[in-house]
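What follows is one chain in C-alpha cells, specifically the form predicted alone.
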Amino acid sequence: MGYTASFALSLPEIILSFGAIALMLAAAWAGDKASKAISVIAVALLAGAAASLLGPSGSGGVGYDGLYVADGFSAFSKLLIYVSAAIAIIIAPGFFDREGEMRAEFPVLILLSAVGMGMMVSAIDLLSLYVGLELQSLAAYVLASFLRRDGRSAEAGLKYFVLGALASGILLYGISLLYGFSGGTSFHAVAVAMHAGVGTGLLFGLVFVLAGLAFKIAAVPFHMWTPDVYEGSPTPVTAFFASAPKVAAMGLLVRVAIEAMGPAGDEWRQIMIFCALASTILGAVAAIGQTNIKRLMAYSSINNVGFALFGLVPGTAYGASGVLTYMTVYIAMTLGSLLCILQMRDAEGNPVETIASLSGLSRTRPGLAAAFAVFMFSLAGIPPLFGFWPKFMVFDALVDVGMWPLAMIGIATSVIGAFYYLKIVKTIYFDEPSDVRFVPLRSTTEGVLILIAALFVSPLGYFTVPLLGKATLDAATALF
C-alpha cells in the first residue's frame, strides 16, 4: 500500500494534527482572548475527524508498511475518544473563566492528545504503539498542571509525570524484550514467536508490556497516581482523564492481548484476572472512606476498569464487545457525574468538592440531586438503570466460556462498590441541608450535556442495545 492510501487511512490524525498546529499558531498570535474561538474550531476539527471515519479510515486495512491499521475496532474507539475530548473542550471555558486561567493552549493540548490516542488504538506495531502513547501522555502531563497558581494542580502534574515516566520505562523495556526474543516489532511477529512457545524472555516481555499499559488504565497495582491526579487536576481535565485516555488505553490493551499475545492467552489471562479482581476490590473498599468527591470518582474509575477487564479475560469477540460496551456506558456515567461536580460552587463561585456539602441537596437543587442519583445508581450497576447492562455483558462473557466462579466473585465485589455510591445518594436525599448553598446552573450547555447523559444511562438507554450491541460486536470481530 502506497503512502497516498496510507494517508487516507490516517485521515483523522492528519486533520487533528494540522488543525492543532494551525490553532497553536493562532494562539501564539491572538493570545488568550481567542481561546473561545479556538475551542469552537477544535470541537469542529474533532467532529471532522469523526466524520472522516465513514471513509477508508474506518475500515481501510493496514497502512504505513504494517505500522497502522484502520478497522472497525479502531473506528469505534476513536469515535468515543473524539466525543469525550469534545466535551472536555466544551466545558472548559466555563470553569477556567471563573478561575481566570483559561488559556488558548488548552484545546490545542486536547487535540494533540487525541492524535496520540488515535494512534494508540490503530497501532499494530510496538513502535507506533509507543509513539502514540507518549504523544498522548506528554499533552496529559501539561493538562494536569494547567492551573499554574494552584499548588494541587502543580503537584498532580508532577506526580503524573514522574510515575508516567516510570511506566513508560517499564513499557519500553518490555517492548525491547519482545523485539529481542521475537525478532520483530509488529504484533504479527510477536504472535508468531509466542505461537512457537512462550519462553522466559517472551514471558518477561509480556509482563512488562502489560504492566506499562495497566498504568495507563489505572488498574491495580499501577493505580497509585489516579486519586491525587484526579483530585488535583482542574475538573474539566479530570473529566478528560476519566474518559478519552481510558478508552484509548483499554482499546490498546485489548488489541495487544488479542492480536500480539493471543497465542499466550493462558499467560496474560492470569495477569488480567488478578488486575480485574484487585481493581474491583481496592477501588470499592478505598472509596468508602473518601471525603472528596473527585477523589471518590478516582477510586470509582479504578473499580470500573476492573469490571471492564473481566470482559477481556475470556479472549473472545463477545468479551471484547462487552469491553467496548462497558467503556461506552462508563463514559456517559463518568462524564455526567463530573458535569454535576462542576455545578458544586458556593455563592462566591469557588469550587466545592466535599461530599458533606451535598447534604440535603434534594431540597435546595432538586434537579441536580436527581441527576446525581441517576449517575450514582447507574455506576453501582443497579437495574433498571443502564449501568447494569455492561456489567451483565462482561459477566455473561465469563459464563459463556465456563468461568462462572470468576463471574460470581466479580458480582460479589460489585456489591461492595454499591455501598459508596448509595452513600452519596443517602447524603443528598436524607441528610440535613449543609451550610453550603450551590449557585444555580449558569451554563445551558452543561445542563443539556447532563440531561443527555442522564437520559442515556436511564432505562431509556436499553433502547440503544440493538444498535450498540451490533456496533460493538462488529468492532470486536475485526480483531479476530
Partner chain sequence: MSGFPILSIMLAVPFVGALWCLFAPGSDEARARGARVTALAASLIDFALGIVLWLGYQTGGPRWQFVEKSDVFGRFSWALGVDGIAMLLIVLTVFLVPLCILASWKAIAKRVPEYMAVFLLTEILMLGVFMAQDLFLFYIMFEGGLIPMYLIIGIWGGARRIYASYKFFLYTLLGSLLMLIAMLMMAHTAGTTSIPALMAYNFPPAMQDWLFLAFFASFAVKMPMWPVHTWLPDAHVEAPTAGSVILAGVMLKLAGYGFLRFALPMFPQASAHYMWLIFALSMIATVYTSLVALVQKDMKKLIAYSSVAHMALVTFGLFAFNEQGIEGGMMVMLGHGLVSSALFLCVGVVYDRLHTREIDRYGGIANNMPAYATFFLFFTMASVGLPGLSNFPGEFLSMMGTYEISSWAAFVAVTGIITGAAYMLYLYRRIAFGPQKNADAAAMPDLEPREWLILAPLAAATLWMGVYPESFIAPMRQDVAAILVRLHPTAPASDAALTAPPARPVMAKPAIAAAGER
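Residue numbers count along the first chain shown, from 1. Bear in mind that the values here come from a model prediction, so they are computed numbers and not experimental data.
There is another form of the same protein, the form predicted together with its partner chain; it is not shown, and what comes next is about it.
- At a distance of at most 4.5 angstroms from its partner chain in the predicted complex, all three residues 389, 425 and 465 contribute at least one non-hydrogen atom.
- Its partner chain in the predicted complex is approached by residue 415, whose closest heavy atom lies within 4.5 angstroms of it.
- At a distance threshold of 4.5 angstroms between non-hydrogen atoms, residue 182 is out of contact with its partner chain in the predicted complex.
- For residue 318, a non-hydrogen atom is located within 4.5 Å of its partner chain in the predicted complex, even though that partner is not displayed.
- In the predicted complex, its partner chain stays beyond 4.5 Å of every heavy atom belonging to residue 201.
- Comment: 359 to 367 is the region of 359 to 367, 173 to 181, 127 to 135, 83 to 91 lying near its partner chain in the predicted complex, near meaning a non-hydrogen atom within 4.5 Å.
- Only one of 289, 151, 384, 197 comes within 4.5 Å of its partner chain in the predicted complex through a heavy atom, and that residue is 384.
- Just one of 407, 220, 102, 189 comes within 4.5 Å of its partner chain in the predicted complex, counting any heavy atom, and that one is 407.
- In the predicted complex, 392, 393, 395, 396, 399, 400, 404 are the residues of 390 to 406 with at least one heavy atom within 4.5 Å of its partner chain, listed from first to last.
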